[in-house]
Ligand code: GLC
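One chain follows as structure tokens, the form predicted on its own.
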Amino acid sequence: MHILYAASEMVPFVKTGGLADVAGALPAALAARGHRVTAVLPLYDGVNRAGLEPGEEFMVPVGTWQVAARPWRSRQKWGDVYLVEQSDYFARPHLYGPPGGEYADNPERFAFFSRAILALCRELRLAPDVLHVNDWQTALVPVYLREPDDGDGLEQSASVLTIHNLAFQGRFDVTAVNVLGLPPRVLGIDGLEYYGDMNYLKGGILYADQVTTVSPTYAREILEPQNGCGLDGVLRARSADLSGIENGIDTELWNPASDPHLAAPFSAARPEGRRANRRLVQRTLGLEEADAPLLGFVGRVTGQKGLDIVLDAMPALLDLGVQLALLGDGDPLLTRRLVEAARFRPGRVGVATGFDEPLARNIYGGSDLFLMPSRFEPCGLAQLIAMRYGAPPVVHRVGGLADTVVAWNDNPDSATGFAFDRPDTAALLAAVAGALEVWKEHKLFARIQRNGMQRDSSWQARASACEAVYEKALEARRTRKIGGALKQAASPRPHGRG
């Protein structure tokens, strides 16, 4: 099978979040199973062009005009990656916009990129069996694929859309219509229209042959109004074509036995190196070099990730005798509160803002427990890394956290972490207190660490589930008329619109 994988970011080229990690690992896992995989992403200003091979310029329709683009090829072990150059759109200091904002022309930038993916296929004479696209930035690909003027030559190709976080939908002012170049029937209430705006993700959900998201529990959660972000009605209409597949991690990249960033390597069989990693974290963040339980956090500082819960619980957490090591950036108010908390509790709370790859890996490799009190979490990668690095996570039992972490209270023999059921201070404190009681029982705690480190979180274990979705998409493409997905989904919507 030939799979074209398209995303707006990908490791090792460019990254702002977990999408890049998934996009960098899944194609390799699919190729290892015998598939031909080609990937496409934008050529942003910060991408290192060393080793990239320039191709011939080609034209991409945007609205009623044509825009020139050029592909640059990177030969990976698993296949080719094409990075689409268009300096007016992508030669900028940020991928989607400055911190806390977005570029005003994002509707045009990513409508261009979606059409460039299909134009590139024609230019290179690629005829993939499946086009696998990700999030709103590429969600228009299934829409254009089913329009004769845009999908010409790819009539037999099926499409799969993966939703990594439903909260980000690509919702834009109705003036986005001017750059889409789509017929009126696609722009109405049974298409991209959403409360008077244009919603790119909605279009992808309606038109894709199959829709996936990043964990089975999240796939169920987004069918309900409280988690559906206004698209639960559309998703319920496509529920027969919706699957939840857990994310994995690149287990070669995330391997504590060979990680060059760690102060000392270690493994499930020989965990002694974790002590040196712990000391490095303590020295780096100005923590007392004590043997108190070390609680770590690495990630975005946002309300979604529950950092406000951690802040509210901090005095009581410290009363339990723990140290806190926190690394991340995001919401300015929450970040400022974290920095202030560290200033007022020197030696007990350590905070680093921004991102520091070596420090992040040593927090994973040196913490006793890893905090993930997310209010919602489509899948999460940090808990998978923490388990692999011997730091049992303490998680809110939601989304992918519920699917990937076996809680001590549920099954002590196979436990890989600890869980609580309400995203609030009391529940977090109770979970941490319970985890600390187990931490005191060294043999029991060591078993939880080993369980987590030996868990198979590789993409190889999940690629077969992706293959099954591709087969469903191809079958749907063979039996469904063009536009059928749209007709199928034009059924009850929440609040009467969208």
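Not measured: the values here are computed from a predicted model. Numbering starts at 1 and follows the sequence shown.
This next part talks about the form predicted together with this ligand, which is not shown.
For the chain shown alone, Pro378 is a contact residue for this ligand in the predicted bound form, at least one non-hydrogen atom being within 4.5 angstroms. This ligand in the predicted bound form comes within 4.5 Å of a heavy atom belonging to His164. Although the partner is absent here, Asn247 lies within 4.5 Å of this ligand in the predicted bound form, judged by heavy atoms. This ligand is not drawn, but in the predicted bound form it has a heavy atom within 4.5 Å of Gln304.
This chain is displayed alone, yet in the predicted bound form one of Arg236, Arg279, Arg300, Arg92 has a heavy atom within 4.5 Å of this ligand; that residue is Arg300. Between this ligand and the residues Val214, Leu262, Leu118, Ala352, the one pair within 4.5 Å by heavy atoms in the predicted bound form involves Val214. For this ligand in the predicted bound form, the listed stretch (362-370, 219-227, 379-387, 320-328) containing residues with heavy atoms inside 4.5 Å is 379-387. Residues of 1-37 that come within 4.5 Å of this ligand in the predicted bound form, judged by any heavy atom, are Gly18, Leu19, Val22 in sequence order.
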